[in-house]
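Okay, so we've got the same protein chain twice, two forms, each given alone as structure tokens, structure 1 and structure 2.
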Structure 1
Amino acid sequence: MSKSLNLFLPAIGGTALMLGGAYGFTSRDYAEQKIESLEIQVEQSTSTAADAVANSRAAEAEIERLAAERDELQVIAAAGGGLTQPAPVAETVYGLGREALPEEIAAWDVDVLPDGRGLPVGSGDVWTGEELFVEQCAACHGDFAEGSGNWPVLAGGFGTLSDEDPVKTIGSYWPYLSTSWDYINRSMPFGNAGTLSADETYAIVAYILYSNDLIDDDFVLSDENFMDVELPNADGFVLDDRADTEYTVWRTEPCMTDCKDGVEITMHASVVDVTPETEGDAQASMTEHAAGTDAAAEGAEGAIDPALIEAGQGAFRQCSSCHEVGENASNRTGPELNGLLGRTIGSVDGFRYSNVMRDAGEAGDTWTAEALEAFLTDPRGTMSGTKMAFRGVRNPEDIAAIIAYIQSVGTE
């Protein structure tokens, strides 16, 4: 084990309070050690990381506190105090776990740092990005990344950060471009994460930059010019300074009597009236929890197996990021799915289908159980050119369950 690790081991914090029986070393020594290491750290806090830590924890005040605690520790230890003993600090390693293989690290270690480390080779242009964005992102984030409904806004909002209603977007608020590449690549599209290629991600990020008026429409973003793009709010952040600005002010002996001249109510929550009426909901959720299939069974008309419907409700989570079904279902990234069995393929009003799906519908094809099974197992293999960016249902049993669920809630 490295020396520097040992330096940190007796760091400030909860461990001091868990000493209980004071096995191995005396509480007094332990607290003393902690104070020493703290003082070293405060002096050493040259790096930003250490600065932030020192600030956020108000390390100096902690020293005082620990000094007092050192004297108390014996008492606490004697009383037992319900405190537990820390796990032993191993002199040697336990040798558990196995070596991580390079392929495994490559698969999981995909984060991108502010200085561009972690970016894969690749590139993408604004117009390719627009196409991808309209297909895979716009249903939730708006065609121009301007947001829709309650979903996050990704563009605009410049100069609003000190307004009454600031609009925080990639353009107006985010400090680093790396964050958008990293986040979109790993976490979007919502419900189908991890499916974008590197080139696609570059293209989408380029389109978002364009939507924010930060680049021209002929820009091609790549790993090579990535660091040339600076976001406007890069300097808009300061490190946690509560220790200086707030703690010093609020560490006082508080007032106990005659603390103010009079008191008036200045605002009532009931006036805003945004608290959910929860009694019914709460009961419903508890009953559902206890009885399981009740809700699903109620919706089922005819003889569909309630257990199958319930399984389908769970499996439909794979679809729900793009599709709605049931009362008031509307088109999202994908069309609504009410009355799916027997419905003409590609026929929902107002949805922009791919050519292959529209053509199938114009030829009079309808969705049968067999057709759905084939399509859902391998969307792109069955209907080459489909816009449904979904890799297919992995577990064949899920398909019958999903269809049963769609039929149970989505009968028109």
Structure 2
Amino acid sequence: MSKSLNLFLPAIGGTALMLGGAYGFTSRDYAEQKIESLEIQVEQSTSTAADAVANSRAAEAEIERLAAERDELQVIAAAGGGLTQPAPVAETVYGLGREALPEEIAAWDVDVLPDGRGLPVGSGDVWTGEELFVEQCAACHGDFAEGSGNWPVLAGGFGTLSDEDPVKTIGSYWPYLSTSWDYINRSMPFGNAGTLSADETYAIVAYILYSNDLIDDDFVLSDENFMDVELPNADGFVLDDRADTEYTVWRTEPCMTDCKDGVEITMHASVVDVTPETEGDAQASMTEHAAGTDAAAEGAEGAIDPALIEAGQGAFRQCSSCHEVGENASNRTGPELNGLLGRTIGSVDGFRYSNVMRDAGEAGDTWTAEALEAFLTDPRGTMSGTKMAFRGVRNPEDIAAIIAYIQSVGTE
């Protein structure tokens, strides 16, 4: 038995030696892995710290730049200069084109800045502005700038900016009067932009100011006192510095992985006239089927070409912002157009017509295809003084299609 025990003891010793060696190797591998992991963490932390230092230095440099720009603007403002400086002149000459003529620059340089630069010489009083507003603007904005239909309100809205649906006017929202002058001068009246003189623009702006209770009825607005008018919300705006203070914080590289295999169109916006028609081309239909305005009056002799009616539905979109036709049509900025052909001009109940329309109705004039064609071609040239602030339809084929559509829908 002692011999067996002697054999067993060396066996135990050998096993222990093997286990000890294995444990030593395992411990050494674990230590090496741990050291390697810690070294990686140290490198990452060092890199992060370096980035933080670089970002901090960049932020300090940006702060210094903004402070210098602020100081420069303060010096300019203190000296009576404007805060908007001319664009820098490029030193490099590319050898392309030619130098712009003074009259060309004057034609392009029509904007008016918040500090008054760009204002032309002129003036306009409130009562002249009221007459011009009724003639040129009231069809869309109402006689008292109260808005009409879907056209915006130009007066009031005081204290509504915190509402769910605020009313934004120069009396409640806009900070600079130059915005109104510049927009009206360049873009109004609707359909006839750029036709107002400087004096007329001053007068209309004066009337809008009066409608917002910002000036008295005897006030005369001019380039000399323009900057004396302060709007109520002038201090409600701040400089948008997000490009410098925020964008660099949250802007990251876009994700370019795990993208969808394909894109499927699930809905069209044709209900709001955004998506082009997918079945046929309305313009092609007009070109192919419209044969002049006589085709619009074809209903007296036979059925109107369905393709012409379809083309007219598309062309009528430029009229639909002011006029309705068809079932349940009602007056909007313009009168409803049901039964228009053969109807006495200016005869829709409840609609306030211009004097020229009322005079035509009192004279017994009616809307014939020829009269409607002439009016749609040049509204103001045909009836001087009309409230319809629209430049007219230039394409005779569109006119024929519109008349056909009105005749077909308005008599159903």
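Every residue number counts along structure 1's sequence, beginning with 1. Just so we're clear, the structure is a prediction, and the values are computed from it rather than from any experiment. Heads up, when I say rigid core I mean the largest set of C-alphas that superpose within 1.5 Å between the two forms.
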| query | finding |
| --- | --- |
| Identity of the form predicted in complex with heme C (HEC) among structures 1 and 2 | 1 |
| Post core alignment: A155 C-alpha displaced by 2 Å or more between structure 1 and structure 2 | no |
| Flag for C259, CA shift 2 Å or larger between structure 1 and structure 2 after aligning core | yes |
| Yes/no, L337 Cα shift of 2 Å or more between structure 1 and structure 2 with rigid core fixed | yes |
| Cα displacement of V348 between structure 1 and structure 2, once the rigid core is superposed (Å) | 8.0 |
